[in-house]
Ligand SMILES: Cc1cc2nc3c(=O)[nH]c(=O)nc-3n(C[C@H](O)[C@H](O)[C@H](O)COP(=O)(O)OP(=O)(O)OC[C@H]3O[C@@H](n4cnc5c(N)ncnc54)[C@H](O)[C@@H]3O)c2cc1C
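Here's a solo chain for you in structure tokens, the form predicted alone.
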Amino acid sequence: QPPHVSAELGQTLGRLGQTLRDQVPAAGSAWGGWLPPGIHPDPRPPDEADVVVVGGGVVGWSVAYWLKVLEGRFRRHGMKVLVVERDPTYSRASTVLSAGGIRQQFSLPENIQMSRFSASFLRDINEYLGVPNEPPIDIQFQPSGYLFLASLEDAAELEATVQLQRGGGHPTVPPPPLPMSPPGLEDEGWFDPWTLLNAFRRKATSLGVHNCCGEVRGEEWGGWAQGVCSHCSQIYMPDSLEYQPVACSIVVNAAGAWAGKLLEAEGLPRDLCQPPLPIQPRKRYVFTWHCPDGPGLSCPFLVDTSGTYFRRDGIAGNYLGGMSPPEEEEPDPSELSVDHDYFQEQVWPRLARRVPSFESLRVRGAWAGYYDYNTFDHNGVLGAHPRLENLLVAAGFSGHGLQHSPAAGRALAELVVRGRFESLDLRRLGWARLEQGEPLRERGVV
């Protein structure tokens, strides 16, 4: 072959070799010149940001995503958003340790409306969270519905709630008597929590959201005037005493089960810590079992009158479920070990009474996760601090955060960017009810 062809081929191969060397970790270093997707080359957070979102669970990443979507048309250079997550493996995260359900069957109009918004979002998830040149998102949604069972004493209350659900969260004139049924299978069932979390994270990162691994243990507030404080977050590096101060204009507390403790540690003057944020970590067990003769593919996510729940886990006779304990029997939330006797003594007998074939089930495994439990009224707290407008919270959903994350994230982003709720009127979920001592009771807590 001609000499010039060989020379060009040699140069091409040389460039290809250099490209490969740049992408492969160098010997003697952890990553060399290559980094996994989503990992920033500098592990330290930036010196400043417009908004710091504390908590990289599904609610935190939803807030970050919607901030970038909503600010796009209003700011030339874009809003600098930083998400801080202390557990990048998500091994203790409420999001990925949940049962993954979504339903409209709530008693509070705001919760019904958030579920409807989120269901629409999930149906069109690739239009919202799809990233160019990446595979389409499949959250593995199983639209098998929810079925709440009620005793005769509770039937009238449940029927009234069903009428509210059929009106999309708005009271309706009751139709002629019909057998009670769930609002429909299309918007109720379960999906894969990790896929939704990862989709929010990847899309937000592609829009320019920054993220870092660290723990916010303290805050510096100053210059308080007219409800606004200058602010500096202290982000501690993993397994280190080193911390990086990050100056910012707005802080979003999306720390889930630790949102209440974070507010106590934020260095606010004591008079600004009232009312306290009544959010605590509550440990919940999820058990998995196999029963070849159990309910089939048409089985919904079933919630029994005893408080136990279960759903299918795949198609091969596998199930998962659990039960929330009474208030006086709450397990120690300081660690995530599983009490297997709880299943044997409390959960299994109740399951077998409802589904006799479960008497012969075989336990396959179990795990524990956290509810960000609002002890005041079991509903999320969504909005700005009553006396500090640039401190906002999105937490306390008491087991509903995953399914309501698309709606809650949008709502909080609307507050930041536009100063008001627009898509949904969620004003009642703000701090005012905590100050006034007026709880919004949700009867549909599992």
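So that there is no doubt, residue numbering starts at 1 and follows the sequence shown. Please read these numbers as outputs of a predicted model, since none were measured by experiment.
One more form of this protein should be noted, the form predicted in complex with this ligand, which is absent from this view; the next part is about it.
This ligand in the predicted bound form comes within 4.5 Å of no heavy atom belonging to R410.
In the predicted bound form, none of the heavy atoms of A64 sits within 4.5 Å of a heavy atom of this ligand. Using a 4.5 angstroms threshold between heavy atoms, F200 stays clear of this ligand in the predicted bound form. In the predicted bound form, this ligand sits within 4.5 Å of a heavy atom belonging to R86. Although the partner is absent from the chain shown here, none of Q105, P300 and F310 has a heavy atom within 4.5 Å of this ligand in the predicted bound form. Out of the listed residues V81, M114, L351, A255, A255 is the one that sits within 4.5 Å of this ligand in the predicted bound form by at least one heavy atom. In terms of contact with this ligand in the predicted bound form, the residue from N211, Q165, Q280, T95 that brings a heavy atom within 4.5 Å is T95.
Figure note: of the listed segments 385-393, 64-72, 401-409, 417-425, the one touching this ligand in the predicted bound form, with heavy atoms no more than 4.5 Å away, is 401-409. Annotation for 356-393: interface residues with this ligand in the predicted bound form are G369, Y370, Y371, D372 [heavy atom within 4.5 Å].
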